[in-house]
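Next up is one chain by itself, shown in structure tokens, the form predicted alone.
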Amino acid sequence: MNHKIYIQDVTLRDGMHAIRHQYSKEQIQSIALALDKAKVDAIEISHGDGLAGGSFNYGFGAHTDWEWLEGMKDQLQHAKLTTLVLPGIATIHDLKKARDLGVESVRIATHCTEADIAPQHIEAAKKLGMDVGGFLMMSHMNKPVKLAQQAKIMEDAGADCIYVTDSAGALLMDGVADRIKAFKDILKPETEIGIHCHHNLSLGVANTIVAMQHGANRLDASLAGMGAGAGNAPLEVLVAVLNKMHISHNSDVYQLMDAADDLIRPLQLRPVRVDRETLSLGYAGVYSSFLLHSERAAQKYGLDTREILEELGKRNMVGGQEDMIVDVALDMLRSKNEA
């Protein structure tokens, strides 16, 4: 079954990581309205680590998720209001509260080998009448066939779409193609396939296009690439490429260009770009949101951020283990002093 291209913006969720979750309510509103005017299909809003992610471990937001979401549904004319849930962080109570605030769609995110913790949340979201996506993070850490088996668990629980999520920006184009093909081999024709790419190896847009060419129709991106690490596939660039390819979609490229330059780039305290540290994330296969935590640890203990990221990669650290970064830095400092 063919599905129309569906563009989901993550500037106001994944983009939270780039500014330590400090969007003001006014900034959320102005950016969401610009995206809606440009006719993206969905706008994801929450703490960078999903609903209820504000914590000592992940970082506290300038507002609660409920303050960011309140009133947004009534202002959107085109886009679906969406959010993200990580089982073990957000509860079904949080999911219901988001639904009461007008959230129509949700992605249930797990590590790429832990889809079995998602069914309860997927089933609850379906009972609430929501569009539901399964979000398999750090997809480079699971082989294509095994990843597809995880996707099947989410589909069996009722998910409408399953995402290959390259949280580390570590996948090469063949790796993306192989995972989408594996999904197509095992999932029902009516189940949609999504792609979420980080840009740490400068492949965010290319990988998204490859995924689309092999059957993905839900494409994630963010204005000016706003997101963890080197950011996500830049939305305005992705749409320009889709236009050049004569792919049908709803979004206006010039309005997205304006929003990226006028609204997003002035907010970037640390430029969202490929540099020695963010490139190291993709090279080592490390979770993109580890960047700022690792930079702080490197500065505090006199270490090289790249060496911390490389060590995290060797230890196969995954999302949710941010508190371990300081432990790793202290281990490295101890080894350095003993040498």
Partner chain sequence: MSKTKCAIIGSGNIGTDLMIKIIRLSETLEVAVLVGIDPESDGLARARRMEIDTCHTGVDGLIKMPEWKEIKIIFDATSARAHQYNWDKIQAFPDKKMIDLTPAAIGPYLVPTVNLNEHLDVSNLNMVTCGGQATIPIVAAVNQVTKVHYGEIVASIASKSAGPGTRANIDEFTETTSKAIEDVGGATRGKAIIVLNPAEPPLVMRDTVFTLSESADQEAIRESIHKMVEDVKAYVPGYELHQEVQFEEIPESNPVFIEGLGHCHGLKTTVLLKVEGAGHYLPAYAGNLDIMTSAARATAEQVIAQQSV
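Numbering follows the first chain given and starts at 1. Just so you know, these numbers come straight off a predicted model, no measurement behind them.
Another form exists, predicted in complex with the partner chain; not displayed. Remarks below refer to it.
Undergrad: Is there a non-hydrogen atom of Gly102 within 4.5 angstroms of a non-hydrogen atom of the partner chain in the model of the complex?
TA: Close contact is absent here: in the model of the complex, Gly102 is far from the partner chain, nothing within 4.5 Å, heavy atoms only.
Undergrad: Contact with the partner chain in the model of the complex for Gly61, defined as at least one heavy atom pair within 4.5 Å: yes or no?
TA: Yes.
Undergrad: According to a 4.5 angstroms non-hydrogen atom cut-off, is Glu67 in contact with the partner chain in the model of the complex?
TA: It does: once the partner chain is placed as it appears in the model of the complex, Glu67 has a heavy atom within 4.5 Å of it.
Undergrad: Please tell me whether any heavy atom belonging to Ala42 falls inside 4.5 Å of a heavy atom of the partner chain, as the geometry stands in the model of the complex.
TA: No, Ala42 is distant from the partner.
Undergrad: For the three residues His93, Asp116 and Arg334, which mark the spot I'm curious about, does each lie within 4.5 Å of the partner chain in the model of the complex through at least one heavy atom?
TA: All of them do, each having a heavy atom within 4.5 Å of the partner.
Undergrad: Which among 187 to 195, 256 to 264, 170 to 178, 80 to 88 is in contact with the partner chain in the model of the complex, heavy atoms within 4.5 angstroms?
TA: Result of the contact check: 80 to 88.
Undergrad: Between Lys152, His111, His249, His140, only one gets a heavy atom within 4.5 angstroms of the partner chain in the model of the complex; which residue is that?
TA: Checking each option against the partner chain in the model of the complex, the one that comes within 4.5 Å is His111.
Undergrad: Using a 4.5 Å heavy atom cut-off, which residue among Ser202, Gln120, Gln213, Gln75 comes into contact with the partner chain in the model of the complex?
TA: Looking at Ser202, Gln120, Gln213, Gln75 one by one, just Gln120 meets the 4.5 Å heavy-atom criterion.
Undergrad: Note that the partner chain is not shown here; using its position in the model of the complex, name the residues of 307 to 339 with a heavy atom within 4.5 Å of it, in sequence order.
TA: Read in sequence order, the residues that approach the partner chain (within 4.5 Å, in the model of the complex) are Arg315, Asn316, Met317, Val318, Gly319, Gly320, Gln321, Asp323, Met324, Val326, Asp327, Leu330, Asp331, Arg334.
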